[in-house]
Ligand SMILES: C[S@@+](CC[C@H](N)C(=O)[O-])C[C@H]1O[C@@H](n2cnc3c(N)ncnc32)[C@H](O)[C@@H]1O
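First, one chain by itself: the form predicted on its own, in structure tokens.
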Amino acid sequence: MDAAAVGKMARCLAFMDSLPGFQRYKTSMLILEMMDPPRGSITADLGCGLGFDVRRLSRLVGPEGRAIGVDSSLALIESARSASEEFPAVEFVQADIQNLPFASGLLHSCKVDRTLQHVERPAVVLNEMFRTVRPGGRVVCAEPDWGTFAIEDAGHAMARQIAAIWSESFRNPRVGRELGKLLEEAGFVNIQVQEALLATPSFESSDVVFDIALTALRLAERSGSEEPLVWLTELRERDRRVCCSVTLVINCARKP
């Protein structure tokens, strides 16, 4: 990723991390019973991006533990390292999460969050998590089910089209609903499932998180019609709130 792309992603990730709905599900994943990494343990965040969750995890495992972030993008890894210099328990590794550079059984716990929707082979990632987590270790996986994505616009047909195009732009748009089966096939047990609604409360926040304007532009170019741009202008100028939402499916499991 070039500097411009990293900058855009950094702004988007930081904005999402500040939204109350995102903060609530992060708390349930990292602090409550779903993951609960013990002090002194080794934990990993796969597809760590800019390292927000790695830094959160480092506070939980303490200086005697280790929180490792893994991402395939060197630019994101370097940005995460730069932002984490004051956190002694963190480590960042550039690697393909489909081939983790960890010894078998190294990790006490591991998470992947909104990353399997992008990878080529989600099942391979879960197999690698199973290999690298020690017996009794916990994993947490959270992925959107983009089949539930909706733009609130009183059932307007254009809103449904925009939502469909955005949803299908992901490599694995339905992986959220498939997590339980994939975890079971990888060998995990005691699978627990929760759902969280991720919602944006305004046009501005919806556009930052879900690229409404860019998707409308793509549809206009593809169809040769100005209708998507007319709809976009009307949506932008409304006085009432514009809400977009998607269901995030969170699975917690244990290695036997």
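Predicted model only: the values in this text are computed from it and were never measured. The first residue of the sequence shown is number 1, and the count goes up from there.
One more form of this protein exists, namely the form predicted in complex with the named molecule; it is left out here, but the text below deals with it.
This chain appears without its partner; in the predicted complex, the one residue of L183, L76, A163, V133 with a heavy atom within 4.5 Å of the named molecule is L76. This chain is drawn without the named molecule; in the predicted complex, the residue among S84, S167, S72, N172 with a heavy atom within 4.5 Å of it is S72. Residue contact check for C48: one or more of its heavy atoms lie within 4.5 Å of the named molecule in the predicted complex.
With a 4.5 Å cutoff on heavy atoms, A95 counts as touching the named molecule in the predicted complex. The shortest heavy atom separation between R55 and the named molecule in the predicted complex exceeds 4.5 Å. For L232, no non-hydrogen atom is located within 4.5 Å of the named molecule in the predicted complex, even though that partner is not displayed. Residues A150, H156 and D207 are none of them found to lie within 4.5 Å of the named molecule in the predicted complex, as judged by heavy atom distances. Of the candidate stretches 40 to 48, 60 to 68, 189 to 197, 218 to 226, only 40 to 48 has residues whose heavy atoms lie within 4.5 Å of the named molecule in the predicted complex. In the predicted complex, D113, R114, T115, Q117, H118, V119 are the residues of 107 to 142 with at least one heavy atom within 4.5 Å of the named molecule, listed from first to last.
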